[in-house]
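Next up is one chain by itself, shown in structure tokens, the form predicted alone.
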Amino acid sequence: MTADAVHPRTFGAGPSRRHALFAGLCLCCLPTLGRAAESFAIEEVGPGIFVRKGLIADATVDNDDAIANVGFIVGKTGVLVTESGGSLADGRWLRAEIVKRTDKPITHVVLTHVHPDHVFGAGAFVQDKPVFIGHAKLTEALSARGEFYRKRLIDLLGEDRTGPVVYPTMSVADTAEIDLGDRRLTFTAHGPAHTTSDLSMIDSGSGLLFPADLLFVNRIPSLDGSLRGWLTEIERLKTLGATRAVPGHGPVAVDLAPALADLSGYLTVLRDGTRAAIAKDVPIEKAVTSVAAEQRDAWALFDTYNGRNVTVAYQELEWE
């Protein structure tokens, strides 16, 4: 899949083709007018589990794309990085926080999906020679989009702060397990949902679920895979046995059931509203302004992403 193939629709008097192209690649992690970087702090959300809350913003020259929740787990035999950060600069910040807290080797880095705010920090950890863990579809997704994302970040941050595209060295097609000596991390590869390369993880020591961007809290979800698939994978997450989770965006840890209910509620409204618009022959350029509008007050950055979500949903559902 190439950048041009992601979002082929053009809208006449609506958004330009350039706008549609960039929207189709999910720029929740690329340049817009965002807020300046704030002071970050690492919180210990469970024994040996440290998480930094990302900014509820888009990438800017001031924040180094530090908008995702990132962190690490310290085990008996080594450290697993749960998310690498949104740029080389963000990854270096995270690595420095690890070194402050432990001298154990960084043995694993998880690349939870293709979006830049979750994978472009990986370059900061190459020197540690860890296992880079990703979904079986991630290499394909990075090959299609990685250089596009990297160039956009270079335009914003400069090459020295952006970092390289790092590919997984361990691929998960179904499930897999990593042993850190005193705790096990179990990985699940999900079907198309938020993206086509979503990977979740459960820590045996705490029972915490790390669903990455399969779970958004407070910040509006961004749809870049399959709406129907995401609703299916939410049901799958419920079967994994966790009661608490570290979302990809939002607080550092949340009760899982209500957070999934909020997410499912938005996605259901998006699905049903889009289907209704299609049934009434409402053109897509009008649907983007009306579908799910009642959800506006429930989600940060709603006006930035809901229209794009409607576009992706419309293209998926119009051929049902």
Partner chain sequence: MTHRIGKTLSTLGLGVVLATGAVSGPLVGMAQAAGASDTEHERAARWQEIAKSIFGDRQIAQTDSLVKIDAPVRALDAALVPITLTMPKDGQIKAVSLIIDDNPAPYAAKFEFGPAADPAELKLRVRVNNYTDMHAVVETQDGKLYEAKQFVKASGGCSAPMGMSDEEAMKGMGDMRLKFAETAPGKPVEATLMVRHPNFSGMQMNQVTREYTPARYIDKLTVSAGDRTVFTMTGDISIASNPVINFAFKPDGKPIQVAASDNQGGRWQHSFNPPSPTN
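Numbering follows the first chain given and starts at 1. The structure presented is a predicted model; accordingly, all values stated were derived computationally and were not measured.
In what follows, reference is made to the form predicted in complex with the partner chain, a form of this protein that is not presented.
Stretch 147-155 is the contacting one of 200-208, 177-185, 237-245, 147-155, since its residues have non-hydrogen atoms within 4.5 Å of the partner chain in the predicted complex. The partner chain is not shown here, but in the predicted complex it comes within 4.5 Å of a heavy atom of residue 58.
In the predicted complex, the partner chain lies farther than 4.5 Å from every heavy atom of residue 47.
For the chain shown alone, residue 272 is not a contact residue for the partner chain in the predicted complex, no non-hydrogen atom being within 4.5 angstroms.
By the criterion of a heavy atom within 4.5 Å, residue 190 is excluded from the residues contacting the partner chain in the predicted complex.
Within 4.5 angstroms of the partner chain in the predicted complex, the stretch 304-320 places a non-hydrogen atom from each of 304, 305, 307, 308, 311, 314, 315, 318, 319, 320, taken in sequence order.
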